[in-house]
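Next up is one chain by itself, shown in structure tokens, the form predicted alone.
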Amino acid sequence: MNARPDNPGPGLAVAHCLRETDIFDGRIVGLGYEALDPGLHLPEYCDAGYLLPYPSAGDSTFLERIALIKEREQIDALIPCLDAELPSVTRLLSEIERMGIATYLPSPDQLELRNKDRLEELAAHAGIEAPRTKPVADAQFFFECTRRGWEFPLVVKGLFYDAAIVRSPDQAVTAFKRIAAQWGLPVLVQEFLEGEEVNLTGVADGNGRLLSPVMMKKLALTDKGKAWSGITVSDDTLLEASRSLVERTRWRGPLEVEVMREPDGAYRLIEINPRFPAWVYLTAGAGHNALDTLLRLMRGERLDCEEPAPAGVIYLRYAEDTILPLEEYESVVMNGWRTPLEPHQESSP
């Protein structure tokens, strides 16, 4: 439930979509990793909030926490929103489902397929090309890369998350060390592509069908390259590539497909994310609420394929202040959860 201005997570937007679905009127429990994650403290989107252990703490610790939340909140469904937590959830799927918690997620093999070091294989499924990508375990590579045919600027990426555009060996080494410290080795190096990025999000039913597709072009970016505003578009090549990828991999659950449309009209697959993007609230605004589709699949409905969302719907992200009593923040820090106070209940004198 983080909402960092330069790199927000999808959780808050997912909760926003849930509030606007046609079939859901229950309670939403927000999950986060930091007591200052704003979404944990916004009762209009989250009726309660809990901290999770970082994935590095191990599967058993994660499972114990989910069991505690289930006992306290009687949750019926779990919607992971971060790449790094998905491997744990898929490994523990049978235990989670035995608790009576429903999910709708890709398989472990599908998750492994979308790893950034297998991008060329994914691109072949989509029927388009991919930028050249190389795993790197030693920062010395960046002082020798031009002799190996890698010209700056380059993109330095983590295996699961994070990316930086670098224009010199020194910038590359700095980015390499930062990403390796947070996400581990190897770090990926990718050729930098000029062009226009276009993204698609939707839900795949596990039988080769892509449901509720919404395509978006970024209009304004943060300094990390994340969308600050965007507009729905119609792009037949992106749509067909996404449908091909879903059909050939039998993808199950949410996904985001990112492509670069180069000046000569060629398309390159940048990556596929195995969860909803931070801009997923645009799907509700465009009349294709992705969370409505996901919930219907989770309860076993057979859905018809829809036409893509119409072009020309704009979203604008903005920063907003929220006020909360000290007791609420202390509860998250000390106990790991936000007790369900009335919205902005005042502290005692």
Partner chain sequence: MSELQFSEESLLPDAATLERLALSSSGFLFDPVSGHSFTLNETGRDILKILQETRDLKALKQQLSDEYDLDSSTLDRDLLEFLGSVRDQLRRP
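As the structure is a prediction and not an experimental result, all values here were calculated from the model. Positions refer to the first chain, counted from 1.
The same protein also has a form predicted in complex with its partner chain, omitted here; what follows describes it.
Within 4.5 Å of any heavy atom of its partner chain in the predicted complex lies no heavy atom of residue 134.
Looking at residue 311, you'd find a heavy atom of it within 4.5 angstroms of its partner chain in the predicted complex. In the predicted complex, at least one heavy atom of residue 262 sits within 4.5 Å of a heavy atom of its partner chain.
The shortest heavy atom separation between residue 125 and its partner chain in the predicted complex exceeds 4.5 Å. Remark: of stretches 142 to 150, 108 to 116, 161 to 169, 215 to 223, the one touching its partner chain in the predicted complex is 215 to 223 (heavy atom within 4.5 Å).
This chain lacks the partner; the member of 196, 121, 71, 76 within 4.5 angstroms of its partner chain in the predicted complex by a non-hydrogen atom is 196.
Only one of 232, 249, 90, 190 comes within 4.5 Å of its partner chain in the predicted complex through a heavy atom, and that residue is 232.
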